[in-house]
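Take a look at this single chain, the form predicted on its own, given in structure tokens.
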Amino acid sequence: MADARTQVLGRVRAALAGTAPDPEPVPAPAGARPGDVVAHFAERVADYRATVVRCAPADVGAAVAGALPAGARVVVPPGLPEEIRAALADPLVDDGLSAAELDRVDAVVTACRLAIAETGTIVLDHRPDQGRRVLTLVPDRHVCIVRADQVVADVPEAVGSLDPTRALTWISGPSATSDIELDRVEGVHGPRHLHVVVVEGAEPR
């Protein structure tokens, strides 16, 4: 006797027999795409309890420094631009730090690959300006820099822009989960604080 999984899949295959997939993408309905994707992203990611700051390129360093508590020990990936590093007080550059060493720092500052307006999601593909995945999971505060030209409208547009061979981390707000009583607990699986610096008017890299 077939198990339930086999039965379900058999019914799906039977229902699809003789049909041909439609290779054409389904266009979004009129009005579904936000007019200002950057403002939409800022609103959505703030809904997830992230702190959002919008600034000009000349103010990025100050905005990043302002997102860090006084005296915070900060780690950065090796490819973070020098103009941002220069705004930090003695940042620690990750050269393969252990999880225990990362647990002793207060915050991490990274760039990102892109951001999605519709879902308020930031995607990292762990290039040198973003660092290893563990770098953005262990420290309690993540300050992430998003250029306005990196914001796309929705998930299909994001997926079409990403390299499927790279490891990806998708972030929608600080780490949070709920227990059986639905009490929200933050910081269990990642940073408790997400601070997003949106840079408007920057030259694409």
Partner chain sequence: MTGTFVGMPAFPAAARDALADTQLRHNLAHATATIRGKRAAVVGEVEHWEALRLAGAAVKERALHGLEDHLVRLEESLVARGAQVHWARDAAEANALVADVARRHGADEVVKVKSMATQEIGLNEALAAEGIAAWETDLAEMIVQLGDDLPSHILVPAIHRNRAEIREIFLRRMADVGRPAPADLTDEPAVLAAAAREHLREKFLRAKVGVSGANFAVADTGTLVVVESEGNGRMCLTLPEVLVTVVGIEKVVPTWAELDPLLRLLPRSSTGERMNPYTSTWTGVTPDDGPQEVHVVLLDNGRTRALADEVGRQALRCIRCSACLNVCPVYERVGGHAYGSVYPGPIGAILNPLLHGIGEGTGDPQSRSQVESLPYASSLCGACFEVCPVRIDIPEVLVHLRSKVVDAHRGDRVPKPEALAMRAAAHTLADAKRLGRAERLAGRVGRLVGRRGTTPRLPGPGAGWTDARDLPTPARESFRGWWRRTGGRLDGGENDG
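Residue numbers count along the first chain shown, from 1. Everything quoted here is computed from the prediction, not taken from an experiment.
One more form of this protein, predicted in complex with the partner chain, exists but is not displayed; see below.
Asks: For the partner chain, considered in the predicted complex: do all three of Cys55, Ile84 and Asp90 come within 4.5 Å of it, counting heavy atoms only?
Replies: Looking in the predicted complex, the three residues Cys55, Ile84 and Asp90 all stay beyond 4.5 Å of the partner chain (heavy atoms).
Asks: Can you work out whether Pro156 and the partner chain are in contact in the predicted complex, taking contact to mean some heavy atom pair no more than 4.5 Å apart?
Replies: Because a heavy atom of Pro156 falls inside 4.5 Å of the partner chain in the predicted complex, the answer is yes.
Asks: Taking heavy atoms and a 4.5 Å cut-off, does Thr51 contact the partner chain in the predicted complex?
Replies: So Thr51 does not count as contacting the partner chain.
Asks: Heavy atoms within 4.5 Å of the partner chain in the predicted complex: does Ala72 have any?
Replies: Contact check for Ala72: no, nothing within 4.5 Å of the partner chain in the predicted complex.
Asks: So, Ile171 and the partner chain: in the predicted complex, are they within 4.5 Å at any heavy atom pair?
Replies: Contact check for Ile171: yes, within 4.5 Å of the partner chain in the predicted complex.
Asks: Taking only heavy atoms into account, state which residues of 114-151 are within 4.5 Å of the partner chain in the predicted complex, ordered by sequence.
Replies: Result: Glu118, Thr119, Thr121, His126, Arg132, Arg133, Val134, Thr136, Leu137, Val138, Asp140.
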